[in-house]
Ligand SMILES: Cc1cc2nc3c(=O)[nH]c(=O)nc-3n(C[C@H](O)[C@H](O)[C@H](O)COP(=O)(O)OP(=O)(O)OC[C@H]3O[C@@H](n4cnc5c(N)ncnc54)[C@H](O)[C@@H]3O)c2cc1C
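Below you will find one chain, with nothing else, as structure tokens; this is the form predicted alone, and questions on how it binds or moves follow later.
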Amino acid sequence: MKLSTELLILGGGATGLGAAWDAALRGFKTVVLEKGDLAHGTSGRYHGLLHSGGRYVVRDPQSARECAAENAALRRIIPSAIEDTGGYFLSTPADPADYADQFLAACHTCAVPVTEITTAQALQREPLLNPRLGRVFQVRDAACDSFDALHLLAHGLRAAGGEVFLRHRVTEILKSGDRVVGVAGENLATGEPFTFHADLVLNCSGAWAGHIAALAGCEVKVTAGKGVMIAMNSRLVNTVVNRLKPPADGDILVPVGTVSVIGTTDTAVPSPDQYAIEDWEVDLLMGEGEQLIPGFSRHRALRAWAGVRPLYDPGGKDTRHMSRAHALLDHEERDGVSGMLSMVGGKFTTFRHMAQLLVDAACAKLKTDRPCVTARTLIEPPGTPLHALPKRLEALESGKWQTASDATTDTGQPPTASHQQPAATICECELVTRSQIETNLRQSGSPILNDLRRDLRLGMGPCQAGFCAYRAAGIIHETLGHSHRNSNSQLLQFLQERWKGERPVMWGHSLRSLELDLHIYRSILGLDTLPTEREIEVYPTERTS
């Protein structure tokens, strides 16, 4: 495959899709290349927080101002992906008493909306919080489903005439002299090679930005800062809760969907593709959770995972003290290589602002004046409400998700209103229906269960795919006509991904749940004895006592 475009954007995370949407709205012919699925990288592996700016007001006021502005903008642009949980910054007995005054003064300086409330008011809303709280401040934090957000961005991009190519890995930067003119690589779904020529290449590959730059002969030192998070099996809080102290490990608890997420740690790793979750990180997070919610460690931990922050700070400090700010790199001025720009660093909350700066720079390079319109362009229809947790259940009970595939009459015809049955629910934890899965499969053509997980939250609830995975594998076989060997392989790969996150927190209730899953898949379904496209073990044989 050989194609050409004006702007070629490498990376299908928030920054890359945000830049592509921005560029397409300005009239550029725009293409995005992503080596995995949407939200495959760092954008899909964070704690789900839409920052109010409060976390950065003392140490990084510029980032705080940007977060406050972008928080308001994203609520207008992609409301259905954002839940208005609100946020608290609260002082526990373990936090420095003098930080509260610094925090309040810095919020006012940075124009971050803040209100002080009483401990009684905080405990009335969140009764599980530490009753020995000191001061409490209310901010405009929110929870954001990055999977939904990135799908909305991709939809907005396509509506504006842009294209997204998933599972296209770049292996070569094409140059003519000292100018980048395109890329070459492999379609990972088919194994076929591809070539894209472009007027300008925008490197938005996050923690992999250094690797992409090196293919063009440029050195970009991006530190991969691993952050471990743990999902608990219920929403212990309905408000984002932050410790009132300088940013540290395990100082935030975020309600996301049906779970709550505590995070994060911060350690440098050699590669964004190879890292492990270590016991000390899990112990630290569970211990810090006790400061926020007494008895936190007695609640069931579902799984642990890690994302890799793309930290760019030539100063070489430790990762906790590296700036979370973004950096726009012009490789012509910096390295003598024209035809490519890189955007590194930054946060999910500020992706729209970062995209605007990047496409502004692209316009300057291409000598055209095309103003940014993303701050006032809505991807969803006007009046779309913010997300609320009960919406899935309300849609299910009201029959909004009901389709002919969910229920049929005894004549094989779609049900009428007089005898309509409830939608067939495949994932009870996250209320994912058969019709949603079938619609997604027909639109994407992808037989990969992990894609369904990212798109629909399949298997992300308390049972961790103990019951829905094999049902969904059967629907893939029926809908796409894939062989049983392929369906078995996809199911086993999906279970292995679940295992990776469950193993670090495998004790108590979690261990009992895993043993139930093992019994279902091994003893009842005999899955590890079924033929597959390649040898895959259902679960490794080692055990944790």
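Just count from 1 along the sequence shown to find any residue number. Predicted model, so just to flag it, every value in this text is computed and none were measured.
Omitted here: the form predicted in complex with this ligand. The next part is about that form.
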Answer option from 250, 307, 466, 255, heavy atom within 4.5 Å of this ligand in the model of the complex: 307
As a check of understanding, the residue in 182, 87, 225, 156 with any heavy atom within 4.5 Å of this ligand in the model of the complex should be identified as 225
Close approach of residue 41 to this ligand in the model of the complex, 4.5 Å, heavy atom: yes
Answer yes if any heavy atom of residue 14 is within 4.5 Å of a heavy atom of this ligand in the model of the complex; otherwise answer no. yes
Determine whether any heavy atom of residue 169 comes within 4.5 Å of a heavy atom of this ligand in the model of the complex, and answer yes or no. yes
How about residue 212 - does it come within 4.5 Å of this ligand in the model of the complex, if we only consider non-hydrogen atoms? yes
Select, from the options 368 to 376, 340 to 348, 457 to 465, 119 to 127, the stretch whose residues sit within 4.5 angstroms of this ligand in the model of the complex by heavy atom distance. 340 to 348
Within 187 to 208, the residues having any heavy atom within 4.5 Å of this ligand in the model of the complex are 204, 205, 206, 208
